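Given next, in structure tokens, is a single chain: the form predicted alone.
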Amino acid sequence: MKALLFLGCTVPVRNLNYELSARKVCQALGVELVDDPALACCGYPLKGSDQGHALVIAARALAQARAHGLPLVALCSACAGTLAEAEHHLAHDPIAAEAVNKELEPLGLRYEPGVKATHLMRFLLNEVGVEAIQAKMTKSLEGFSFAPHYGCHYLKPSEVLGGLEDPENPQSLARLIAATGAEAVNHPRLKDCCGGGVLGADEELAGSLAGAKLAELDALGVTAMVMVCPFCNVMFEGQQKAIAKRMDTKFKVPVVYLTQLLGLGLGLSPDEVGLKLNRVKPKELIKAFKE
């Protein structure tokens, strides 16, 4: 089983633990991730100010992926959503597709519909399956509790993402957490946004959104918060100390990537899944799985 890996901009710079654990988990599950160094940005950062050129950038990645004949899987929810949305738009709008192709022509590329762009977690769920993943677990995470954070781009727009799950009642991350033997905690702010979308315009509002969820999880005493998006990680882990200070409170909620949990369950060590690279150390996990 093969897939073309789309790393995007944020993961290689800020989230080496995510990339490391994702590659190790895919290897353990028999999924070959193919790299193409020519893949670059998905276009998401430009989308709010220049939709036309953002679409061209996304189409460039789709055209490159089509040449490989492989599904395109992203670690970042924003990348996965942007690429899937661009594919949906261009496949249903031949005028827009032709305009994009005029921009791509000097690069020797041409967009053609049919590329499957998705998040790595959805690829694992659909192509490997929860039961097969659970069957490969060699170490149980029973006794630990984790709060999934889905984030906006992982769930919406659902029609573009193929209606894979109800965005108002998401279950996919909880199912993968449960496959490790751990408890997936369903909490009141489960579907709340991380606030990252408004960070550049209103830092206080962004911090209040993330802070409310962090305070809730701190009170619940979960082992860690679990996510699949590096942009959400910027808010919940990268900004956590500043948010707590702004709220005049103290909390320390470990934040881990779902691939790190799956890796521990698959028998990988804390070092192999990059737990020591996490900014808020998940000390319970590191201690429990230390060799």
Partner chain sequence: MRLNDCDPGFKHQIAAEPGGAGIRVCFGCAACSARCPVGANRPEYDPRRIIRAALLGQREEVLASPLIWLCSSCYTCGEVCPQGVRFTDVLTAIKNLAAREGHAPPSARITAELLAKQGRLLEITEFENEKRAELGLPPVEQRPSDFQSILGIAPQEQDAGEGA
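Keep in mind it's a predicted model, so treat the numbers as computed, not measured. Positions refer to the first chain, counted from 1.
Another form exists, predicted together with the partner chain; not displayed. Remarks below refer to it.
Engineer: In the predicted bound form, which of the listed residues (110, 156, 136, 187) lies with a heavy atom within 4.5 Å of the partner chain?
Structural biologist: Spelling it out, the residue with a heavy atom inside the cut-off is 156.
Engineer: Under a 4.5 Å heavy atom criterion, is residue 101 part of the interface with the partner chain in the predicted bound form?
Structural biologist: No, residue 101 sits far enough from the partner chain in the predicted bound form that none of its heavy atoms falls within 4.5 Å.
Engineer: Looking in the predicted bound form, any heavy atom of residue 142 within 4.5 Å of the partner chain?
Structural biologist: No, no contact at 4.5 Å.
Engineer: Looking in the predicted bound form, any heavy atom of residue 53 within 4.5 Å of the partner chain?
Structural biologist: So residue 53 counts as contacting the partner chain.
Engineer: Answer yes if any heavy atom of residue 37 is within 4.5 Å of a heavy atom of the partner chain in the predicted bound form; otherwise answer no.
Structural biologist: Yes.
Engineer: Indicate whether the candidate residues 127, 131 and 286 are all in contact with the partner chain in the predicted bound form, with contact defined as any heavy atom within 4.5 Å.
Structural biologist: Spot residues vs the partner chain: no contact at all.
Engineer: Using a 4.5 Å heavy atom cut-off, which of 65 to 73, 236 to 244, 261 to 269, 42 to 50 contacts the partner chain in the predicted bound form?
Structural biologist: Contact criterion met by 42 to 50 only.
Engineer: Taking the partner chain in the predicted bound form, which residues of 7 to 25 have any heavy atom within 4.5 Å of it?
Structural biologist: Residues within 4.5 Å: 7, 8, 9, 10, 12, 13, 14, 16, 19, 20, 23.
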